[in-house]
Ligand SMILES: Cc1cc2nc3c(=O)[nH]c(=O)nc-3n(C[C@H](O)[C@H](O)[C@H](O)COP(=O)(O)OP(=O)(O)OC[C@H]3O[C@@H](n4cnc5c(N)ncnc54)[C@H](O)[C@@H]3O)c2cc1C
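First comes one chain, alone, set out as structure tokens in the form predicted alone.
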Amino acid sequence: MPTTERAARAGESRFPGEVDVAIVGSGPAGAAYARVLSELAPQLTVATFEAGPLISDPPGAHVKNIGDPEERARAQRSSEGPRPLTEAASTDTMDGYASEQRRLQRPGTFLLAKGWQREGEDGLPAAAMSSNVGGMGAHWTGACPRPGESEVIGFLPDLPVWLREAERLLDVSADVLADAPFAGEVRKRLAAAVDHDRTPDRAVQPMPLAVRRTRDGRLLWCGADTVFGDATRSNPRFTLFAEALVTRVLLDEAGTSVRGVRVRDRRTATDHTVAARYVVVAGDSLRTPQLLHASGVRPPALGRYLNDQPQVVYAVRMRDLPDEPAVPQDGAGITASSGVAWVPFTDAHPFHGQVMQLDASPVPLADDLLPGSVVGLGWFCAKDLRAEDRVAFRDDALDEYGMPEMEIHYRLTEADHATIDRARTEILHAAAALGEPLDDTPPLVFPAGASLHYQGTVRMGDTDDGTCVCDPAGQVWGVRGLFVAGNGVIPTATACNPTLTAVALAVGGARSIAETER
């Protein structure tokens, strides 16, 4: 990776002694900071530190774009942190997808080893993370719907502008798979079933996706590599360091301003100090508050308002299909038969539907399968937000990375159970409009954490009232130069996929730094 990874000479640290901006985490939100600063403030020296390894070329690319199955498997295993699955474990994300396993684990992720449930609570048994350049952006589904109604963060007047910029950075399109075989029929049937009380902007529509078509017609998933873009990769003042674990954000004596980061080189097991005027912690919703806690930055809301999106899934085979040409499989991670429809969240229907036409069935079928004719429905529910739902950290025990061990405190409320029950009813209603069930199994509610959409633990607020961690620019209250980014910043109860919103908030934070430096 000659454009982004500096090689150290014998006996020297491969890290610089000083940068203007240190970014912790190389997922889509961290990549957005690097991209926006490269475009708007190219005079700044910027370094991104990623605890996990480099798994792709270009850095941060989606693993499903790796054509060779063995190379793809190595990338996924390398992303699974301290406890990778065995080599014999499947790397096909459809294998065992509709599983009732309590500790459900997807390829490319690793589960919390302990602390995922307190006695008498629901916990997050399927809470998972990835550790690799590109973060979860190397493994996600690419769905990028905009938030609507109460999902929208009301105190951010510039949010629509930031969302448009996030769509540019992620290369989002609602058209790239909109004409997949049977996709129009899927949307037509869904609309007839659910659109009767929806406004036009909340009606059934093609899902906006971070998927791009190459000049030769192939379809590729967009990941952090897309967000980094050529502007970042060609920036001579930007450097990406893999296998570089930031263990502490360094502050001044008063604890009111950042001074840099402490980095552990996981290749040499040595620790190094990198001075910085700005530090952006852009890990996931569990590890971002973990690093702040380890650094002594512990505002009252840190780790609180943790929320997952309860997820209900079902599948049908479409009935009475019109004649459509079959789309040949090309061996890539996504094909032209993979249409995705969107049933948006509304306050009256507090869930979001992701309706995917599958190239393969999640259950065995007796006869030949026409690509796109098996439809998987996933309803994501908005959580009843509570300060009591939180990730806490132990100062007397360390995890496998040597960081404070996590403890999850999490319950589903009566309101949550009522929303899940409604989602079951509505997913069956939508499914009946499309076709016939694949078998006699009722809709499956995934174990808590399986959505991988955790939010809220470093939430944004418009006033420092003890219920939020950062201001509307993403800067931690009371600590100049310290920013947080990622899904954990989102303060509202959402049901839609959070990545687009997280990248939009990162755009706003990066622009605030660039404006300050003008």
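Please read all numbers here as calculations on a predicted model, not as lab measurements. Heads up: residue numbers just count along the shown sequence, starting at 1.
There is another form of the same protein, the form predicted together with this ligand; it is not shown, and what comes next is about it.
Within 4.5 Å of some heavy atom of this ligand in the predicted bound form lies at least one heavy atom of S130.
Among residues of the shown chain, T499 is one whose heavy atoms approach this ligand to within 4.5 Å in the predicted bound form. Shown alone here, R233 lies farther than 4.5 Å from this ligand in the predicted bound form, counting heavy atoms only. For the chain shown alone, A282 is a contact residue for this ligand in the predicted bound form, at least one non-hydrogen atom being within 4.5 angstroms. Against this ligand in the predicted bound form, the set P310, G449 and T494 makes no contact: no member has a heavy atom within 4.5 Å. Distance criterion of 4.5 Å from any heavy atom to this ligand in the predicted bound form singles out H139 from the list H139, R277, R72, R146. The stretch in contact with this ligand in the predicted bound form, judged by heavy atoms within 4.5 Å, is 23-31, chosen from 23-31, 459-467, 472-480, 36-44.
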